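One chain comes next, on its own, written out as structure tokens in the form predicted alone.
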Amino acid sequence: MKLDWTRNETLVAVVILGFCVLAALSDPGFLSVATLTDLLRNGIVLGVFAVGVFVVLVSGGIDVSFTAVAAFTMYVTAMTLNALMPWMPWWGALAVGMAVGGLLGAINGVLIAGFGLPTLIVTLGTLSVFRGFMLTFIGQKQITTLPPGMREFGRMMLLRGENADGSFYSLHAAFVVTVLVVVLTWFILNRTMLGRAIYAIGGSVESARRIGINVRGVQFFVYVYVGVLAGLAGTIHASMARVANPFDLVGLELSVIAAVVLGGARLAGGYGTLTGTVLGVALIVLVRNSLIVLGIPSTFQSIAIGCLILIGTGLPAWQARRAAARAA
């Protein structure tokens, strides 16, 4: 089977393999079960975020407010459940978080789909509004006593064990949620008319409108869906961290967008695969952990991720120009 080197998925997979080899040579313990479970754990919240951003990019839009939605959601969910519904089980807590995130996403949807405002401008604005509203009117203090349902979910593990050297490893049950999110989104995008409409709008809004697609309805769904996933990610994060910190998750936007772009999604819309997005998430998580293993200061993470974004967006553009030149 011949590898297609023009596909981002192939390139990202090769880079991931290279990072693993380099890290393993520097530290043989990198290939241990403990390291693998740490990598999977670090990819849980990032993965849910990335799936949402992928759907937005495929539709031809962009959303940078998802971290503010997640922080707002986890804080409000924890406060609400503590005050009004302490009896809520863990699955109910996740559902409440998804509902709050969906409502915030609907605000983006109304402004973008209803009023036709630019996606970047709207989500930059709501990023500040959601965060500012939370810090000004809801609260700035950490909630260290989470509702029982969130605490219960935070203690749920898929596996837990001890290595020969006495170190412990564990994989949180939230990993299953991330897998389910990926599967559900794949089904929507590849097996439903809604998914085909999302890709069509990303390719050309005018063409999609001419063939009878309800562009506004699809766009509204996209931003509500991203809000739901951001709310889910925020609730998971708070449960795993066992604290709702309103200052958490801020600054993750670059890493998430980098993962999606590295996976092959185009900023212009209409193209990309969830397989590429998952590989992009794996690469970003590996970069973060590998730099630490190799003894490189964590401050270089931003430089490394920025370079990966430039390569991930520049290489496909260069390949497209070469293909166009050959065709001419």
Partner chain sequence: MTDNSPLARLMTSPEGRLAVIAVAVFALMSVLSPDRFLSLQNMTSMAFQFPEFAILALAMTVTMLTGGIDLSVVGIANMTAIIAAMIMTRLTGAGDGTAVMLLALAASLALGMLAGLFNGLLVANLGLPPILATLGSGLIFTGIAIALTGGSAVMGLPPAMAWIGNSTILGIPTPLILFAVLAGALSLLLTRTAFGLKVQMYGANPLAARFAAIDITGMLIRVYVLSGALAAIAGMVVMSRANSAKADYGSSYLLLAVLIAVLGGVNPYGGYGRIIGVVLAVLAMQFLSSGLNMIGVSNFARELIWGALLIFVMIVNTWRPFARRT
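Positions refer to the first chain, counted from 1. Values in this document were obtained by computation on a predicted structure and should not be read as measured data.
Unshown form predicted in complex with the partner chain; subsequent notes refer to it.
> Given that the partner chain is left out here, which of T144, S207, T192, Q140 has a heavy atom within 4.5 Å of it in the predicted complex?
Replying inline: By the 4.5 Å heavy-atom cutoff, the listed residue in contact is Q140.
> Heavy atom to heavy atom, is L267 within 4.5 Å of the partner chain in the predicted complex?
Replying inline: Residue-level check for L267: yes, a contact with the partner chain.
>> How about A282 - does it come within 4.5 Å of the partner chain in the predicted complex, if we only consider non-hydrogen atoms?
In response: Flag for A282 set to no.
> Should T126 be counted as a contact of the partner chain in the predicted complex, where contact means heavy atoms within 4.5 Å?
Replying inline: Output for T126 is yes: heavy atoms within 4.5 Å of the partner chain.
>> Contact with the partner chain in the predicted complex for G306, defined as at least one heavy atom pair within 4.5 Å: yes or no?
In response: Yes, G306 is a contact residue.
>> Given a 4.5 Å cut-off on heavy atoms, tell me which of 90 to 98, 129 to 137, 175 to 183, 151 to 159 is the interface stretch with the partner chain in the predicted complex.
In response: That would be stretch 129 to 137.
> Is it true that L252, Y271 and N289 each have at least one non-hydrogen atom within 4.5 Å of the partner chain in the predicted complex?
Replying inline: No, the whole trio is out of contact, none within 4.5 Å by any heavy atom.
>> If you apply a 4.5 angstroms heavy atom cut-off, which residues in 87 to 109 are near the partner chain in the predicted complex?
In response: Residues within 4.5 Å: none.
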